[in-house]
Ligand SMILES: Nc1nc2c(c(=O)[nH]1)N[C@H]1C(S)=C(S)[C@@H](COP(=O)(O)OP(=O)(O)OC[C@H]3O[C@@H](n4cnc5c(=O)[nH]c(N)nc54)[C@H](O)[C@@H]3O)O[C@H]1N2
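In the form predicted alone, a lone chain appears below as structure tokens.
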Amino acid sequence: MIKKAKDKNFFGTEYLAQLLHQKDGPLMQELALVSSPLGKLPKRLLPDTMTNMVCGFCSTGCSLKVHLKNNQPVNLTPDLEYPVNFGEACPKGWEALTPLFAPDRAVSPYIRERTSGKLTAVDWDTALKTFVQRFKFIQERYGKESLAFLSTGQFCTEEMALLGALAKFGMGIVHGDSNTRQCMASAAVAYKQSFGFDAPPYTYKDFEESDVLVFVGANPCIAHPIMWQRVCLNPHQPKILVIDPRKTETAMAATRHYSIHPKSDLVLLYGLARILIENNWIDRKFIEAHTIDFEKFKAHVMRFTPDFVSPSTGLSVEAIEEFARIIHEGQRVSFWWTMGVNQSHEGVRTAQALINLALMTGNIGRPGTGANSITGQCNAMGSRLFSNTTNLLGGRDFLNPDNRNKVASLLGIDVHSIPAQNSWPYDQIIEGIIAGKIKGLWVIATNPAHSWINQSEFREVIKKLEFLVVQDMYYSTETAQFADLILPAAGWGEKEGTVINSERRVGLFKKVSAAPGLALADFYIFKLIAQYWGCARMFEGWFSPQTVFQILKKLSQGQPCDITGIEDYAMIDRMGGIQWPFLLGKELRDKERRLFEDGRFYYPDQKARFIFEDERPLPEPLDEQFSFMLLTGRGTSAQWHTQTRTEKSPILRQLYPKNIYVEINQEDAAGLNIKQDQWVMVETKRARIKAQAMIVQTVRKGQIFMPMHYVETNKLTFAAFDSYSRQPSYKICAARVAHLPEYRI
């Protein structure tokens, strides 16, 4: 598949040095590391035999100590002092170094030959000239809106900001979105609408301080194991209530498991609100002082009687009433959700139903309380605030002329270079390709040919592009297989920058290893593209990740996410991460801080909003042919998303099933005469695939479950979207299961 270039010297470092006039700058220091195919790591980057940095997998933001020998990282141990994980790590964290040494690393740029279809290694000069020539040709022929980019929640905030500014201000690309759209968009929109800003209010200490914890569509036992460890440290003997169709690992450990019908959670939450209101189990003083529209919400939920909610959810009237009573009796109640809520056709309103419960009971702004969205990726929070995709930099609004003028003034650029329109979201970018409006696509550190909903359609869609660029650590991803140009990127541990975790904590990535071959940190790839595109002058002050962090501080000033009080990377390192907001001149007294302790929210009147709406029917109902509900979700704590990195570890591969599997209720399996580990066919209206049967009691009759990590799963999913967040509804669709002999493959 990969053809090596005949010329062994394809680094071009002298040429690039002359081009950038930065012989002693950080870019040339970066390029010096790729002066041989193996790379060399200067000792100046590694002053100690051990250093610590934040893990690059999930949003928990654990700190890991990296052990170094002969200037190379050789081992990892959890950081005992960091106020997130306190010496704990999940399997992925223990194996975080392994993906760096995989044999399928992209070690040079690659261009696909038009005749043979093979990828050929080229130098950076050739790659960047090709990038610019092809993309500029498309823009000149079809207009500026003919290009788009799809980014990630996995790399550093400084890289996100540089990419978003380069693409939108420098290259004139209007449409760009992040794969954060796939995990956190519903929560972000819910917070914006309810609080006036995208502001998760909690700190991890709240896991330990609640006397009632409500988990909705969340399975932290395996999805966020270190957060679950914090729950286990709770000394108050808390009641743990889990709302989930499946009997997940978290549900097994809960005080109560409410096994509702899939996507009936909005009805249940409105029903709970009605019972609380009817019994006057609400905090009227808080409601009157700090919220608006409660009376309208009260009128809305009156029809959600227990007798109405019971058949809709599959729960008994007694169970629903008990649920409400437990919330009422709790002194410190916290509500937690993740993808089971967000990845829904009505995810925003469901998240807001949880926010409404917290507001009406006064369970916000106090220890052990809150309406708390658990983030997915390591830097989804950074993406939401600083990627310049759905928001203008710093959580601002592209449609607001004052916001555009402010950003232009802070960056010293022409305000007319800032788009006065919002980007299309991810799904509309795909639709734009289908409609022939988008002809060129730049995919950075994400793998949509595996992860995007209704995968088969997506793979056909990207074939319509005139030019596809994939920037990634590996040349082997499903998306890279379609690329016309691959740009080799450094990974976690091979670059520096900041990330923001679920509790708003700014943490550090550090460079402890040289990227292989010609691979560069994404930051420096963006710097090179700016130079070749002809807009480098706009980013002269964006000298290095550390200088860009100072720019981000200016962009955050006066915003709810203000980080002007953080001096530099050294302060972040010294303090064990710092939560936003942290304003200039303030003293950092507590390592864990929550929002809204003063009851003031981010609207001009400082009041939160009760927002609500009627429930909506399932986007794909069952019928006689497709009579099973297919649920999807995380498989094990050893798997991560499309397994681009976790599959590189032999140890992690031993911790999850090799083959794709489908969980089937034992009664359904008996009725279909399906045996354990038997290969079966799972079919939806989009595709049919083979999977091994796993017969369980944790899935209800009439439902089946498949992990999202296997590439085949998203061939089956149905492309429905929340109308406010445009987040895909991965979690449910109509399916059937049958013996393989019933089909001709």
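Computed from a predicted structure; not experimentally measured. A residue's number is simply how far along the shown sequence it sits, counting from 1.
We do not show the form predicted in complex with this ligand, though everything after this point is about it.
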Between this ligand and 171, 391 and 603, in the model of the complex, does every residue show a non-hydrogen atom at 4.5 Å or closer?
no
Give a yes or no for residue 684: in the model of the complex, does one of its heavy atoms lie within 4.5 Å of a heavy atom belonging to this ligand?
no
For residue 246, is any heavy atom within 4.5 Å of this ligand in the model of the complex, or not?
yes
Might residue 194 be said to contact this ligand in the model of the complex, defining contact as any heavy atom within 4.5 Å?
no
If we define contact as a non-hydrogen atom of the residue within 4.5 angstroms of the partner, is residue 700 a contact of this ligand in the model of the complex?
no
Of 504, 349, 224, 384, the only residue with a heavy atom within 4.5 Å of this ligand in the model of the complex is 224
If we test each of 595, 445, 122, 128 for a heavy atom within 4.5 Å of this ligand in the model of the complex, the one that passes is 445
Could you tell me which stretch in 262-270, 605-613, 662-670, 403-411 has residues with non-hydrogen atoms within 4.5 Å of this ligand in the model of the complex?
262-270
Neighbours of this ligand in the model of the complex among 320-343 [non-hydrogen atom within 4.5 angstroms]:
338, 339, 340, 343
